[in-house]
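We begin with a single chain expressed as structure tokens, specifically the form predicted on its own.
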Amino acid sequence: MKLLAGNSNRPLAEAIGQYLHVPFTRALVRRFADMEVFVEIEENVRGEDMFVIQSTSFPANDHLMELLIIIDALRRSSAKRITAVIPYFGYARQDRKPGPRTPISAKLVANLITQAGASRVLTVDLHAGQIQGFFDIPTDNLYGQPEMVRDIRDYLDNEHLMVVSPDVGGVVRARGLAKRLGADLAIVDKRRERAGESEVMNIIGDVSGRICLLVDDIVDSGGTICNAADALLEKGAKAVYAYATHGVLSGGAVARIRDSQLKSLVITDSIAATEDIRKCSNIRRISIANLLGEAIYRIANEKSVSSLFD
């Protein structure tokens, strides 16, 4: 087994390497003057079981091209098997046609990774589980919830918890977390009656006097969870916390969360933190390095990965 990391999230890659006690394969990943990506593998990888660690986070297209070119370089270097370890799969929100004449970009990206030469994909909390079926190679979708459950039990009073889905689409995810915690479930029903009018948020469930725990897979602009937190507090919630696997946090999201009524937003390190995220007092990060490291170990040794979902 050998590890190789792109430039998208070096701290997470190094933490995975420390967990596995495996040094990284020497490789040059750089840009030409016109920003073309150039990759050179600087040691022999013939017949090796290679794991390439690269999130396709901002800048998504640059990091995706890095991943594809690294995989191609390894394939042409006669690596035996190439596993693309993608902690954050960036195009996962484009998993269907929302209207006429629109692409299904998640499928296109899956095809590109497969055609580049990947033998297997390992990722965390895909936005939609059916994206696994977009790949024609084995794909393992790990879940960040076990790490979240440990953190919740360490930091929050489990007795008064109520897990809340910030929208109807996330009910299955929220129900899974509620079951793990033995907590009740509420749902934020978000509607816009007419174009140009503000959204009306109805809370399904009695949250009065409860510590509410919003759970989602991705936080991008932060608008949904901040508005949901306001609606929950208006309905009598005692406090509102949020947990999400992938902290995309684009635009003014960090400032929006900092100024919100959220006690804290907890995200994983699937995406490298910006300086603003590190300085924000109510954003906290937990690591999925051990989870990914254990999955890599089991894949390399032909052991079960499914037990990590428990």
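A quick note: this is a predicted structure, and the numbers were derived from the prediction, not measured. Numbers for residues come from their place in the sequence shown, where the first is 1.
Another form exists, predicted in complex with ligand R5P; not displayed. Remarks below refer to it.
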Item to check | in the predicted bound form, the one of V219, A231, A92, L177 near ligand R5P [non-hydrogen atom within 4.5 angstroms] | outcome: V219
Next on the checklist: Which residue, D167, E147, D140, D72, is the contact with ligand R5P in the predicted bound form, using a 4.5 Å heavy atom cutoff?
Outcome noted: D167
Next on the checklist: Taking 4.5 angstroms as the heavy atom distance cut-off, pick the stretch from 209-217, 131-139, 115-123, 148-156 that is near ligand R5P in the predicted bound form.
Outcome noted: 209-217
Checklist entry - Taking 4.5 angstroms as the cut-off for heavy atoms, does T224 touch ligand R5P in the predicted bound form? => result yes
Checklist entry - Does any residue in 123-149 get within 4.5 Å of ligand R5P in the predicted bound form, counting heavy atoms only, and if so which ones? => result H127
